Ligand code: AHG
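Below you'll find only one chain, the form predicted on its own, shown as structure tokens.
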Amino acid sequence: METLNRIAGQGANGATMMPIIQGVGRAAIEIAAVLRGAVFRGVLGAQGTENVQGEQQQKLDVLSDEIFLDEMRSTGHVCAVGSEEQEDLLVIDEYTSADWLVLVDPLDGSSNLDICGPVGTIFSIVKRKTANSERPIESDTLQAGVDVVAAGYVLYGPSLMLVCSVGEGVDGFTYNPSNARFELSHPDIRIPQSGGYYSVNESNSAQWLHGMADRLVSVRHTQKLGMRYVGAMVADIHRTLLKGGVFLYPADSKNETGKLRLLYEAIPMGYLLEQAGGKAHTGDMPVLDVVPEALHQRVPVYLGSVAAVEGLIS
């Protein structure tokens, strides 16, 4: 059975990305163990602090963030980490000359934790723009999705899955506890081009801008889409990749520039969708063409099969 080592043979960047993606895998195993025992360790519930977006942090958001940073440091290949949970770029002082920066949402969907719902981790990897002799800075992370070298997500569900791409398609690996390895379970994932489901918080439809509520009604009928929505982006995107359809988070009267983060959610997931034969759009332009202006910039997102996304934005 092939393992994460498969990545090393994929394209120009596979071997270079291997140590970092292996680090993601180690972080995932540790976070999964913390999640399984969270109720017994007293780490469910709110931390009592807010992140930079003004959202209430869960205790497990903070723990997952710490675990991920530690594992990226242990690779020796990462000079800095940009996290949804941190206002500023986290520079790894021991490896300031390393080539790579990792952007991460360490625990996507953490509002599901108290009801034992699925959650995930989302990440992408970019090469620094500053010289290796300099200390990495925030502008190193502000790169469009077309410049991303690798991206992926971890799904903490009935199985522990790591889905990723280094620019040579999308593969899914499932953790086998009997031998403590991620094994290839979903090779060369391609999104179905018809059928499937739409995933969106439809209770907000009255506030959606640009007639999106009416557009969705049309698309769900013409594409024959059912409705499924978990409320954790990783879980909803995972279903979309495997079953087809579309995930959307439109702009609305409260979030006119969108709700989801460009660097931590839209770009990595858009990268995966396009690698799997789908389409990723903001409504104004392809997600991967947007040049970030800030670490915590937000955008509307439409991610899914080509026909479903084009039906919503055209």
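So that there is no doubt, residue numbering starts at 1 and follows the sequence shown. Computed from a predicted model, the values in this text were never measured in an experiment.
Keep in mind that the form predicted in complex with this ligand is missing from the display, and what follows is about it.
Q: Since the partner isn't included here, can you check whether this ligand sits close to all of 26, 71 and 153 in the predicted bound form (heavy atom within 4.5 Å for each)?
A: Checked in the predicted bound form: no contact with this ligand for any of the three.
Q: Going by heavy atom distances of 4.5 angstroms or less, which of 97, 218, 201, 193 would be at the interface with this ligand in the predicted bound form?
A: Contact check passes for 201.
Q: By the heavy atom within 4.5 Å rule, which residue out of 102, 232, 225, 160 makes contact with this ligand in the predicted bound form?
A: Checking each option against this ligand in the predicted bound form, the one that comes within 4.5 Å is 232.
Q: Determine whether any heavy atom of residue 279 comes within 4.5 Å of a heavy atom of this ligand in the predicted bound form, and answer yes or no.
A: Output for residue 279 is no: heavy atoms all beyond 4.5 Å of this ligand.
Q: At 4.5 Å between heavy atoms, is residue 171 in contact with this ligand in the predicted bound form?
A: No, residue 171 is distant from the partner.
Q: Closest heavy atom of residue 249 to this ligand in the predicted bound form, within 4.5 Å or not?
A: Judged by the heavy-atom cut-off of 4.5 Å, residue 249 is in contact with this ligand in the predicted bound form.
Q: Please check if residue 65 has a heavy atom lying within 4.5 Å of any heavy atom of this ligand in the predicted bound form.
A: No, no contact at 4.5 Å.
Q: Want to guess which of 161 to 169, 138 to 146, 109 to 117, 184 to 192 is within 4.5 Å of this ligand in the predicted bound form, heavy atoms only?
A: Among the listed stretches, the partner-contacting one is 109 to 117.
Q: Of 260 to 293, which residues get within 4.5 Å of this ligand in the predicted bound form if you count heavy atoms?
A: Contacting residues: 260, 261, 265.
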